[in-house]
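Starting off, we have a lone chain in the form predicted on its own, written out as structure tokens.
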Amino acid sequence: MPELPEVEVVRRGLAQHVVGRAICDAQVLHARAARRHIPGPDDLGRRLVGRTPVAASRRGKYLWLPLDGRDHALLAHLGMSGQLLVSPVGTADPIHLRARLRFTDGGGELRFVDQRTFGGLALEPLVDDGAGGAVPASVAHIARDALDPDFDDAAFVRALRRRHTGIKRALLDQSLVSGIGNIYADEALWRSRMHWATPTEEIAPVRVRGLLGHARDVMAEALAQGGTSFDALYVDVNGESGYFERSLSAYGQEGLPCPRCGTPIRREAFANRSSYRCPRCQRTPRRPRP
């Protein structure tokens, strides 16, 4: 699943190629693509015609296009394999095309492509986020991400140390901090020399702040390289892949030498997924939390 850097790459592409263009036609070609829009796909298409995206916004892994009037937004979640592509009108449709927006200027159309159909689109009202901004109603419970200038570091440290859980599970908790997924959690923990099962209540505040700084650094580096693309599913609006996977130190590196000490990286089961760590640099805590 794409994480914050990959979604931010797409947001920037939407800001460049879609914002300010009036929608003249909206087609939802697969019902599952609009399952989050309760009135259904036909209603979604009708209500988008004549509207103009005025911004491209993101919180964590959620993207939305606030529409003129700023009362509603087109919300997009990419799920496991969703792509938002800007393609010239008349080019061949991708095999997994789920929705299409055309614009009055006749330029490139916005296509939602989703092989596994776990992602989707919806038109949602915008609500006050409590900090002077507006977010789609279904996103209001999602915490700000670590790259957000309004992210409250001190509040995060306090909340995390109250959790009484393993540190990686806390990093993946979208009510604490959004946008960090499996890849960047493993990378931030490797940089912090911290085991994924370290109890949150036992981590000193200064180490939590250090971990947060490493998470910011690794996501900023990934963003500069277009994100992490392990296959052709994770691409920007022009269909181009990122290349941060070449810079990963822990995630997906099972059996390869740790870049810091040379010990082979180990893969371990974690919440129906995998965690990658260096067994020498990231030692198992005395009281690990699963």
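Just so it is clear, the model here is predicted, and its values are computed rather than measured. Just count from 1 along the sequence shown to find any residue number.
Not on display, but discussed next: the form predicted in complex with the DNA.
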item: Option from 100-108, 150-158, 75-83, 188-196 whose residues, in the model of the complex, bring a heavy atom within 4.5 Å of the DNA; value: 75-83
item: Interface membership of Gln115, the DNA in the model of the complex, 4.5 Å heavy atom rule; value: yes
item: Residue contact check: His17 to the DNA in the model of the complex, 4.5 Å heavy atom; value: no
item: is_contact(Gly120, the DNA) in the model of the complex, heavy atom dist at most 4.5 Å; value: no
item: 4.5 angstroms heavy atom contact with the DNA in the model of the complex for Pro136; value: no
item: Three-residue site Arg58, Arg209 and Arg216 fully in contact with the DNA in the model of the complex at 4.5 Å by heavy atom; value: no
item: Sequence-ordered list of residues in 23-40 near the DNA in the model of the complex, where near means a heavy atom within 4.5 Å; value: Arg32, Arg36
